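The chain below stands alone and is given in structure tokens; this is the form predicted alone.
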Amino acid sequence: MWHWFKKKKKENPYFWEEYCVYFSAKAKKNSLDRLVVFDCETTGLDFKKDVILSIGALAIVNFRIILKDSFECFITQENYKSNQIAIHGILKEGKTEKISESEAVISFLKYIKNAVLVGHHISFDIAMINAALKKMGLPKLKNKSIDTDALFQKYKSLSPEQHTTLDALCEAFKVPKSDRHTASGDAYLTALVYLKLKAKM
């Protein structure tokens, strides 16, 4: 009768199991070399307390930005900080359709699949997604990642402590800073910077 007291294995939701399938050996072998550049607009810089306002992402395949393969969502806010509108421009209400954080994360997982994730100071954006996953009782993201700041450090032989802003990289590589401080806009700028960096390296 000992098996009556055996701890039952937790069953993860279907969307998580579907996401995990992309990391099997067979799926990796048959997958395209797809990168996903993404950015999160958030209420602050503390992933333990702050939350995601929006997620923007687009794909790179064969060193080409694929605009039709993109992702964007805005998240409903319970504790809205109106003093930050000047930075991200996201209103609590308005005409923009908003979804719950869990719906946003589920959609994001379906979009990224097993792509390598690219971002500027990407560890923060990944931490925000992981924090949202934790609230859903799920493990962390499985995707590999590339940080454009770290790439620039390597390119310029800088120390790990010498960080560079996205604005500075745009200026260094003559990338026009349009639509700055929106998730989709920053993802696009980061994609352009990434491609210019790879071409130089």
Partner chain sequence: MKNSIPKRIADFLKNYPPFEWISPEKLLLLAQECEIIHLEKNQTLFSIHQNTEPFFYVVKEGAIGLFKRIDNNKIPVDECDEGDIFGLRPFFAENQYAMTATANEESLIYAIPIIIFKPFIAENNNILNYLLSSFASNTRNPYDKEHPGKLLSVNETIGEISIKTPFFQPITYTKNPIWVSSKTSVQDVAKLMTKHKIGSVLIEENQFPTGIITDKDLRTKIATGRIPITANASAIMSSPVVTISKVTSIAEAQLIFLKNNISHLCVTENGTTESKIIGIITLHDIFITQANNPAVFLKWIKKATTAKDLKEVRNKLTQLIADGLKNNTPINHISKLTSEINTAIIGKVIQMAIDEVSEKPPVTFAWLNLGSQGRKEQLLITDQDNALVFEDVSEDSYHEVKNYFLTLSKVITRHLNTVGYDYCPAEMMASNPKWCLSVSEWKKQFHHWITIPDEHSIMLCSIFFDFECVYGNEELAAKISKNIFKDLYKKNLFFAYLGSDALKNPPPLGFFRQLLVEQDGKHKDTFDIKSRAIMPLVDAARVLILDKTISGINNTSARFEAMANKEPENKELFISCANAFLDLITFRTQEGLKHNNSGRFIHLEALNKADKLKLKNAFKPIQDVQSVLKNRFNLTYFT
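The model shown is predicted, which means the values in this text are computed figures rather than measured ones. Positions refer to the first chain, counted from 1.
A second form of this protein, the form predicted together with its partner chain, is not displayed here; the remarks below concern that form.
Contact annotation for the candidate site: K68, L192 and K200 all lie close to its partner chain in the model of the complex (heavy atom within 4.5 Å).
Interface membership of S178, defined by any non-hydrogen atom within 4.5 Å of its partner chain in the model of the complex, is confirmed.
Mapping the unseen interface onto this chain, K48 falls outside it, with no heavy atom inside 4.5 Å of its partner chain in the model of the complex. Contact between E72 and its partner chain in the model of the complex is found at the 4.5 Å heavy atom cutoff. Contact check for Y19: every heavy atom lies farther than 4.5 Å from its partner chain in the model of the complex. In short, of 40-48, 60-68, 130-138, 160-168 it is 60-68 that has heavy atoms within 4.5 Å of its partner chain in the model of the complex. Contacts of stretch 104-142 with its partner chain in the model of the complex, defined by any heavy atom lying within 4.5 Å, are made by none of its residues.
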